[in-house]
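There is one chain below, alone, in C-alpha cells, taken in the form predicted on its own.
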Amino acid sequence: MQILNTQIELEEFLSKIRKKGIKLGFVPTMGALHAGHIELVKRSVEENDFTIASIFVNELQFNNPSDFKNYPISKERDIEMLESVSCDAVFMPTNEVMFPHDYKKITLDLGILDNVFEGPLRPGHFDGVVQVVYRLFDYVKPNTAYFGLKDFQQCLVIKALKNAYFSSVHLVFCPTVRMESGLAMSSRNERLSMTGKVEASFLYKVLATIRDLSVHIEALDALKYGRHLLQQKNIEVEYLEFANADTLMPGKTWFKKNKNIVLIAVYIEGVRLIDNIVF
C-alpha cells in the first residue's frame, strides 16, 4: 500500500492511475479506524479498480477543543488495517498540506441542515466538514466516495457539497456497522469503559423500540416513551427527535414509509454519542 503525505506526492501518484483509465474509489476518514471504516474500504475495493483512503484529523470540525485534544490517534494500526483489506493507497496529510496559508474558504448554504439537530449544537462543525471534504475531493478527484450513515446529517451535508461543487463524484452512503450489542461503531467508543459500552448499547434498543411503536402510537408519544427509557438508565440526553429522512425537516406526525428518521445524541461517561434509525 502506497503512503502519500503531500499534495505533490498524491497528484503524481494519481496521475499515473488516471492515465490507465482506472475507476477510483475514495474513503475519507479521521483515523482511529474500526470495523465501520473497514466495511467502507472493502466495498470500495469491490466496486472500483483502485481504492485510496485518507487519514486526517480535521480540527476545523471540532467545536469542542477537548474533543480534538482527546481524539484517538493510531496511525500504525490504521495502516495495518487498511493493508489487510487491500486498500491501494492512503493519503495522510498534515494540516499545512490541507490548509496552507493562502487557502480560501469556500461557502455553501446548507439551509435547514445548519439549523437542526447537530447544526446549532455544534456551531462551526458542518462548515469544518465542508472545508475538509472540499479539499479532499479537489485533491483526490474520485469517481466514487464512501461514507457511513451513522453520521446521517453529515451525509446530507456532503451531498449538498457534491451537488454544489462536484457533480461528477458519485456518493455511496453505507449502513451503520454495529457491534453484536447494537452499539454503533465509532472512534469515540474507544474512550468508553466496558461498563460505558454496555450502557451505550442501550441507545439502539431505544431507537428500535420507537421504530416498533410507530405502527401503534403517534410520534410524540413514542419519543416520550423513548426518553422515559433513557431516564430510567440515567443517560444524559441532548436530543431524541424525529424528522423526514430526506430533508431532516422535523415533524409532529409520522411521515410515509421509509421517510422517518429518529436521531439521538447523549453523553455517557462524558463522551458524546450519536445514532439514528430510518424506517
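Don't overthink the numbering: it's just position in the shown sequence, from 1. Because the structure is a prediction, the values reported are computed rather than measured.
Below, we turn to the form predicted in complex with pantoate, even though it does not appear here.
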Among 101-109, 77-85, 195-203, 132-140, the region lying within 4.5 Å of pantoate in the predicted complex by heavy atom distance: 132-140
Among the candidates 30, 45, 213, 230, the residue which, in the predicted complex, approaches pantoate to within 4.5 Å (heavy atoms): 30
Contact residue in the predicted complex, chosen from 189, 144, 209, 154 - any heavy atom within 4.5 Å of pantoate: 154
Close approach of residue 58 to pantoate in the predicted complex, 4.5 Å, heavy atom: yes
